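A single chain comes next, written as structure tokens; it is the form predicted on its own.
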Amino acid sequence: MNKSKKGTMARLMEYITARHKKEFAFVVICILISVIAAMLGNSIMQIIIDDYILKMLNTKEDLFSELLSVVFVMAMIYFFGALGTLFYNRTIAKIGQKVLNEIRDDLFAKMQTFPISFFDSHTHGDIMSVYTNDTDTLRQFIAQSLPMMISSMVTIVFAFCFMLRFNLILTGMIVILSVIMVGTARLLVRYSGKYFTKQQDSTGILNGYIEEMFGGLKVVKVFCHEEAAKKRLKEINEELYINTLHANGAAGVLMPILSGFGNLQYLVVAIAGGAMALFGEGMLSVSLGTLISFLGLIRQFTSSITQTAQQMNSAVLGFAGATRIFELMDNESEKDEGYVTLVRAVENEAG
């Protein structure tokens, strides 16, 4: 197969965006509604605490009816955000199934044009692995990883803008810790991604070998090749085990590390913000409502970074599956010469 991976993501996005423009645009709009609703909810929390709860506690003024109105607005915002999340999850799942259906149809149609020599040089199990294992990883990427990554990146941008609006000093602390957090995640994702790609290749090789052994089981027994076959299977299986171990091992430590960074950010801002609320003056002061809203934004900000890093592993796995699919699809079709050339044909006087 052609090992060039150039244009894999562009070709995949062509299936998603070019063939399903309206559905994908609807998904993006619903994601924006969901994220903006979450951000506005945090902002309203600051208003509720500073302008109503603390004011009623300090002045004994009756603002309960106004408070209920603001709470109702907040509830409606979260309701529309939940609807946005529901709609984009359902729509992207449908898009994923449609894309896989189209890819299978295109791949199968292209395979009908392959020369017989292609099927002699490629194991049937490896080809079947493309139709089953690789397409399944691609489905998970389209239906789960892609929308979550889009949502997380949009959340990161909006949360950062809202944090800047609340307090520059606390936002600066978050930026410094986030740079370290993202750098660590990038190293782990790069390491695990390399082995996720190898895992997909090893899975195809294993499936191909097992299919080949089943097909030639009688020949294996006739020539007493059982021990050699078991030895070869053990080698292939061991390679798959090592690749999977490295890939999942790195992916497994990613979440605890990022969660630790997220908790550290929350702790640092809670301590610094608490000190600013109690003792700060001027630009160094912060209200209680602002601090609580800011802490809520930190949770959304850091969890979005964590989700993005976590989904990168699924994205790499899906990308590896897409690469194998397009590599199979890019094999040359058989050329129709229009006539048959006979080999070793000898003319004689009888014709």
Partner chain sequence: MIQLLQYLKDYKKDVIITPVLVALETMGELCLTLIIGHLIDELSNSGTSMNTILSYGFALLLVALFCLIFGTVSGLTSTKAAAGLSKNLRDEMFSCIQDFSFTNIDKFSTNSLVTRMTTDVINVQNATMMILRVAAKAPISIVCALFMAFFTNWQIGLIYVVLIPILFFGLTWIVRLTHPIFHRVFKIYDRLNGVVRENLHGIRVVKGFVREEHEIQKFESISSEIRKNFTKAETMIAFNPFLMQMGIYSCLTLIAWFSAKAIVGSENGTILAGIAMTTGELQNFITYSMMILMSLMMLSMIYVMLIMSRESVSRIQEIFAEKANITSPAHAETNIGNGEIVFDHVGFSYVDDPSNLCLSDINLRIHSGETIGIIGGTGSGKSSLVQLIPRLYDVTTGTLTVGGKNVKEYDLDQLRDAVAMVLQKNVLFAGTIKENLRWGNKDATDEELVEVCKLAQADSFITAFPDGYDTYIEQGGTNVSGGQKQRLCIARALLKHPKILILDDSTSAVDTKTDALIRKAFSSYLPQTAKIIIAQRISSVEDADRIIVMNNGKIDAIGTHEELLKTNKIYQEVYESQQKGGNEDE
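If you superpose the two forms and keep the largest set of C-alpha atoms that fall within 1.5 Å, you have the rigid core. Predicted, not measured: the structure shown is a model, and the values here were computed from it. Positions refer to the first chain, counted from 1.
Quick note: we don't show the form predicted together with the partner chain, though the next part is all about it.
A.B. asks: Given the stretches 152-160, 165-173, 179-187, 253-261, which is the single one in contact with the partner chain in the model of the complex, using a heavy atom cutoff of 4.5 Å?
C.D. replies: In the other structure, the partner sits against 253-261.
A.B. asks: With a cut-off of 4.5 Å between heavy atoms, is residue 280 one of the residues that contacts the partner chain in the model of the complex?
C.D. replies: Residue-level check for residue 280: no, no contact with the partner chain.
A.B. asks: Given that the partner chain is not shown alongside this chain, does residue 330 nevertheless sit within 4.5 Å of it in the model of the complex, heavy atom to heavy atom?
C.D. replies: Contact check for residue 330: no, nothing within 4.5 Å of the partner chain in the model of the complex.
A.B. asks: With the partner left out here, check for me: in the model of the complex, does some heavy atom of residue 14 sit within 4.5 Å of the partner chain?
C.D. replies: Looking in the model of the complex, residue contacts with the partner chain do not include residue 14, since no heavy atom lies within 4.5 Å.
A.B. asks: Would you check, heavy atoms only and a 4.5 Å threshold, whether residue 198 touches the partner chain in the model of the complex?
C.D. replies: Residue 198: no contact with the partner chain in the model of the complex.
A.B. asks: Taking the partner chain in the model of the complex, which residues of 41-74 have any heavy atom within 4.5 Å of it?
C.D. replies: Heavy-atom contacts to the partner chain in the model of the complex: 45, 46, 48, 49, 53, 54, 56, 57, 60, 64, 67, 68, 71, 74.
A.B. asks: Does residue 170 move its CA by 2 angstroms or more between this form and the one not shown when the core is aligned?
C.D. replies: Yes.
A.B. asks: With both forms fitted on the core, give yes or no for whether the Cα of residue 259 moves by 2 angstroms or more between this form and the one not shown.
C.D. replies: Comparing forms between this form and the one not shown, the residue 259 CA shifts at least 2 Å.
A.B. asks: So, does residue 300 move by 2 Å or more at the CA between this form and the one not shown, with the core held fixed?
C.D. replies: It does, since the residue 300 C-alpha is displaced 2 Å or more between this form and the one not shown after the core fit.
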